[in-house]
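Only one chain is included here, represented as structure tokens and corresponding to the form predicted on its own.
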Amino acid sequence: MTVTEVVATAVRIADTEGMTAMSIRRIASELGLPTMAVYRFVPSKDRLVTLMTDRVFGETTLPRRPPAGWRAALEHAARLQWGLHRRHPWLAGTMSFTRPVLAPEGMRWTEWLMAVLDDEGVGPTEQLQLAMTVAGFVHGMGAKLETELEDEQHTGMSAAEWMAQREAAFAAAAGRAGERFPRLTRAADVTDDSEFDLDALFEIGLGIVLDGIAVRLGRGAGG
């Protein structure tokens, strides 16, 4: 048994059942070990979560040569990180921007983003601010993924199935609220549900974030 095997087991449990299901006792059961034996490999659950976070960020290789132009490079990194959150819905819950965990693989992502901005002549403080802005947007969207996983397990339905089951109730509520919330009601009438799934909202939000960085840098939207 190794630390790597313990961490891999913890990640697998969290991926499929959420972080609430992941415990030292559960890991021990999965590995056929006494609970206290797991502590020989990880001294605490907090340390285990840090190792899980580090492992996940190490899954994806960032290109040694970034795509041409700061915007294309930041967009590429954001999409890669969104993929990590998609595969590991619990990831956002382990991250903090005010009390960050010491995960070298996560720091590697920040360094990569800062290097892209360094090539654009951005100063070190602003490099970190902008890198955290991009990562913070992805993190915020990623936080919704774990909630969705928990809701799906609780209800036994995907978000689309849940909405379809309640379509009549929502339509009735919208009819009653039409005069009070006319703009919201009109938008609901002309908008397809797929335009508000998490992937669609990620795409819209990422574009807005990058547009804002372009204004901040005084660059064209294309970078």
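Residue positions are given as counts along the sequence shown, with the first one as 1. Being a predicted model, the structure only gives us computed values, none of them experimental.
One more form of this protein should be noted, the form predicted together with the DNA, which is absent from this view; the next part is about it.
Participant: So in the predicted bound form, is the DNA close enough to Leu31 to count as touching (4.5 Å, heavy atoms)?
Facilitator: Residue-level check for Leu31: no, no contact with the DNA.
Participant: Within a 4.5 Å heavy atom cut-off, is Thr9 in contact with the DNA in the predicted bound form?
Facilitator: Answer no; every heavy atom of Thr9 is more than 4.5 Å from the DNA in the predicted bound form.
Participant: At the 4.5 Å heavy atom threshold, is Ala14 in contact with the DNA in the predicted bound form?
Facilitator: Ala14 lies outside the contact set for the DNA.
Participant: With the partner left out here, check for me: in the predicted bound form, does some heavy atom of Arg186 sit within 4.5 Å of the DNA?
Facilitator: Answer no; every heavy atom of Arg186 is more than 4.5 Å from the DNA in the predicted bound form.
Participant: Indicate whether the candidate residues Met22, Thr35 and Ser44 are all in contact with the DNA in the predicted bound form, with contact defined as any heavy atom within 4.5 Å.
Facilitator: Every residue of the spot touches the DNA in the predicted bound form.
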